[in-house]
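Heads up, the chain below is alone and in the form predicted on its own; it's given as structure tokens.
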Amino acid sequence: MYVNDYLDTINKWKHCPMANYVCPVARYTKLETNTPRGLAFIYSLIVDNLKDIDEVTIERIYQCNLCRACEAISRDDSSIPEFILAARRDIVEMKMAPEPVIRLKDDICNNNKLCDMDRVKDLASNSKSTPETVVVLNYESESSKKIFSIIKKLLAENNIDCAEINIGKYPAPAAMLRELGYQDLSSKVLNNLTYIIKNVKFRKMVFITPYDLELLLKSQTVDIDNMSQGLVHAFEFLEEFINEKVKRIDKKKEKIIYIDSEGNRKSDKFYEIPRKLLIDVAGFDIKEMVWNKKESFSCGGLTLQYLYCDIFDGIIKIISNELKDYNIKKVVTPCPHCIENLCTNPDLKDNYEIIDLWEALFTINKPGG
């Protein structure tokens, strides 16, 4: 059982309430069994005989949205999210995965090109890129398409070749399959992604969303050699582009609300770079959320909305209620998937302008010089 590798984590957390306050699922459901402590305690009771696991426990394990806020504030390297991932692998191998989990797994595999090697080879052979091309790894959503159009236009204005690789319906198939407990399928996607990296020529490969790139860089089973230096998140490439190509961006003291992306909560660049661009470069007056940076409130994550939409909607509603107190209608976040999650709430979609860093800097504030 994979969860046996996390017995130390279970023992450390089963009586520890330290991270309960940052758990978005527990804040909405108000159930002790949804807290990091509660999940560890439940498993401590059945870890010696996981075949006794019941439907309620499985439900709680899959209701965690793996936002990793609890991990970020942990006093050591013990990780509730990694324990949850191991528990889900056990549940899948015991053939006890809930039906919504199986349906979502099937839909990801059927609608993402990275899940099929023949389609992966087509993506690589049709890329038409050169060693000077900026390749953007994108997916099928309105927000990601808008961001790519801005990137492509800006690069064209600076005589930089840009190409898109569209991977399909979902933003991060490897991360999503791993979250569901299908580690082998997740590894397959990472290996297919590695094939693209090795067989496509590029100057930079820009990832529109952070999840699969973070997973790829942490993986010990794929080999991308020194090519990892050319793989960047969209916000990292934005900083590089401004430093290299943009002589001046007119300052505009406009108030905005900034919402952090989950990204990698242990990596300071996910918090420092976006704020530097918005404050120092563009001159925005930022209103921070009550919980921000490493303790930021999750936007709902990758899979929760497909499994437990009531909890997902509740999490987004908590964010919506907080925003109402600020009397500011412009919201910026560095990930198109966060935009999509926030816009599932009718009030947020209809009454706020929710945009990405690229649009904030280059649609609101036009580059000059």
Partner chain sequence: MHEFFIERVKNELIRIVGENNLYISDFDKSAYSVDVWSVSRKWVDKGLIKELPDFVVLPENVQQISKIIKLANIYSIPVITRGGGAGGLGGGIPFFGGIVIDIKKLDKIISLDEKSLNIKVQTGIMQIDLEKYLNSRGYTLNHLPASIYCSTLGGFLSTRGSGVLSSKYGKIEDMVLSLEVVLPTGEIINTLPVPRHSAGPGIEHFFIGAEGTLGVIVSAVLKIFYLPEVRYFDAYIFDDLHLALEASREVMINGLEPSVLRVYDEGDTRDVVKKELGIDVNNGSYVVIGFDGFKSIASAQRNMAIKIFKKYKARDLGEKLGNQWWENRYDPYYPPHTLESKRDLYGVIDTITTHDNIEKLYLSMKKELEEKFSDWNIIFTAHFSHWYTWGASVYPRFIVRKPPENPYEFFRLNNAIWDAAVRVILENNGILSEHHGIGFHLSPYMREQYKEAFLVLEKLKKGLDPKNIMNPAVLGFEL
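In this text, all values refer to a predicted model and were calculated from it rather than measured experimentally. Positions refer to the first chain, counted from 1.
One more form of this protein exists, namely the form predicted together with the partner chain; it is left out here, but the text below deals with it.
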At the 4.5 Å heavy atom threshold, is residue 42 in contact with the partner chain in the predicted bound form? yes
Would residue 73 count as touching the partner chain in the predicted bound form under a 4.5 Å heavy atom rule? yes
So in the predicted bound form, is the partner chain close enough to residue 60 to count as touching (4.5 Å, heavy atoms)? yes
Would you check, heavy atoms only and a 4.5 Å threshold, whether residue 237 touches the partner chain in the predicted bound form? no
Partner contact check in the predicted bound form: of 285-293, 129-137, 209-217, 190-198, the stretch with a heavy atom within 4.5 Å of the partner chain is 285-293
Among 344, 33, 320, 305, which has at least one heavy atom within 4.5 Å of the partner chain in the predicted bound form? 33
Pull the contact list for 334-362: residues with a heavy atom within 4.5 Å of the partner chain in the predicted bound form, in sequence order. none
Against the displayed form, residue 186 vs residue 51 by Cα, in the predicted bound form, with 3 angstroms or more change: pair is farther
Closer or farther: the CA pair residue 50/residue 45 in the predicted bound form, versus this form, with a change of 3 Å or more? closer
